[in-house]
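Form predicted on its own, single chain, as structure tokens, below.
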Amino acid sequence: MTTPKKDVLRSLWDAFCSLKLTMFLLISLAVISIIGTVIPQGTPAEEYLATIGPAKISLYKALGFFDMYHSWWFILLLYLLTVNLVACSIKRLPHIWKIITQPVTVMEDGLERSLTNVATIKNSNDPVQLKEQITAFLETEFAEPVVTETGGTLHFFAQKNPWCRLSVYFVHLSVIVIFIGALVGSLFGFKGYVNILEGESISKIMLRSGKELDLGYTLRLEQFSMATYSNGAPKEFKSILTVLENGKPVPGYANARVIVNDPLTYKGITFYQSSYGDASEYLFTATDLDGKNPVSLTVGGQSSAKLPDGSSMCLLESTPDIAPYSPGLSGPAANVEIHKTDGTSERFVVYANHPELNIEHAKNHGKGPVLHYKGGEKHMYTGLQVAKDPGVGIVWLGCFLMVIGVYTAFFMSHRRIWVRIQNGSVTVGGNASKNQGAFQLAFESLVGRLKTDLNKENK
């Protein structure tokens, strides 16, 4: 009599061995992965947050959608699927192992009736001679047979690829290994980003969680360059980086090139080329119409500056020499856009070598400040994604095991042949673990060759 406790444990075990649970977990993980693809992970951009509203932001944060692959419930699903795969393997493996290691070598009547491929060959050769013929035939055409004699009846058994029945367990193992690698990377790895100006160095990065992380060494951007297509679209952007320890370049990591799909890895941390931007600084002076009360202004390539009258100025483009564009003029110049306090805006050119033109423009457009261009220093910055994943080697191992398991599962099958010599007839039976149609053709061909071989010897 079973106790209620044993019944509960048995029911729980059966639930974890269920194929329905496997399908439910796989579908759940697939749907969740779609959500993780649609919703930006990490710290979403302000533009994205502005479109979904505060209520959804609170809901998404509560559900962990902004860092879904590290959320407790996603990891719980991985644990459940791992336990499910292990339970299924434990439940079914003993039966498969017995088929592989303790095959049925005698074709009794019950086994013969269960086989879909059976053929009978009439032959009156001497049993001893038939034994030698069939043994030699199976060794040559199929596999080395096991010969068994029971009650005066000779039985032959030969098999190919019995170990391929374990392919499904290789796939199970590979999935578990990949999950372990993912969890190791999740628990002990990190992802972040950093922007570095040309000629400058950094030793800390910003993680997705918003915390700073000290790398333990210094990374310097020696140069950033960008190649473009004929239409001006970016073709390739490249960073030249140097790793420094104790202020000195690390051998082999000086002037290392980093481009898209060709990252730099040092001490387990990988730097990927991700983005770039203009960090140049341009100098202006704003004065009254009479040249008094000068105010120095610094405008970045992607920023704006406040003018003394409350309006704002942004730089559209600059040139080191205006001569090619305006004959008779020379020297640096900048095309700027002014956004006035009354909501209007205007665009005009500010010169470095022609202050009279700057004053004339100011007089013609009201009593606003006079702008004078002082030149600028062009700098670019590189944006790098930074990642450390100690589980990547484990994941690659899992992928390797999965390739072996999937290849074996799809392209190999366990094939078995039984032969029985009884009452002047040779009965041949066979089956395969998969691809029955192809095995039937191979079986018929094998029986035909055996019949021809026996008839030759008979003559």
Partner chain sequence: MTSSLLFNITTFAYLISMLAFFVFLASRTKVLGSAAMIVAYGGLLAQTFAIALRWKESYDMGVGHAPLSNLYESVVFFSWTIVLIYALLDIKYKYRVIGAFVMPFALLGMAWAQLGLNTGIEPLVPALQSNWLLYHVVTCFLGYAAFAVACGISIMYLIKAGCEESADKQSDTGLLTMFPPIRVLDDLNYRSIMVGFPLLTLGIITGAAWANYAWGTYWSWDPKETWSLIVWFVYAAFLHARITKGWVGKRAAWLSIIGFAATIFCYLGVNLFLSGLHSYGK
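Because the structure is predicted, anything quoted here is derived from the model rather than measured. Positions refer to the first chain, counted from 1. Rigid core here is just the name for the largest C-alpha set that superposes within 1.5 Å across the two forms.
What follows is about the form predicted in complex with the partner chain, which we do not show.
The stretch in contact with the partner chain in the predicted complex, judged by heavy atoms within 4.5 Å, is 179 to 187, chosen from 152 to 160, 309 to 317, 179 to 187, 276 to 284. Looking at Ala387, you'd find a heavy atom of it within 4.5 angstroms of the partner chain in the predicted complex. Contact check for Thr37: a non-hydrogen atom falls within 4.5 Å of the partner chain in the predicted complex. Remark: Val428 does not count among the residues lining the partner chain in the predicted complex, judged by a heavy atom distance of 4.5 Å or less. By the criterion of a heavy atom within 4.5 Å, Ser33 is counted among the residues contacting the partner chain in the predicted complex.
Judged against the partner chain in the predicted complex with a 4.5 angstroms heavy atom cut-off, the residues Tyr60, Leu207 and His339 are out of contact without exception. Proximity to the partner chain in the predicted complex, defined as a heavy atom within 4.5 Å, singles out one entry of Pro263, Pro332, Pro145, Gly368, which is Pro263. Residues of 393 to 407 placing a heavy atom within 4.5 Å of the partner chain in the predicted complex, in sequence order: Val395, Trp396, Cys399, Met402, Val403, Val406. After superposition on the rigid core, displacement of the C-alpha of Val392 between the shown form and the other one stays below 2 Å. The rigid-core alignment places the CA of Val447 less than 2 Å apart between the shown form and the other one. Relative to the superposed core, Gly429 undergoes a C-alpha shift smaller than 2 Å between the shown form and the other one.
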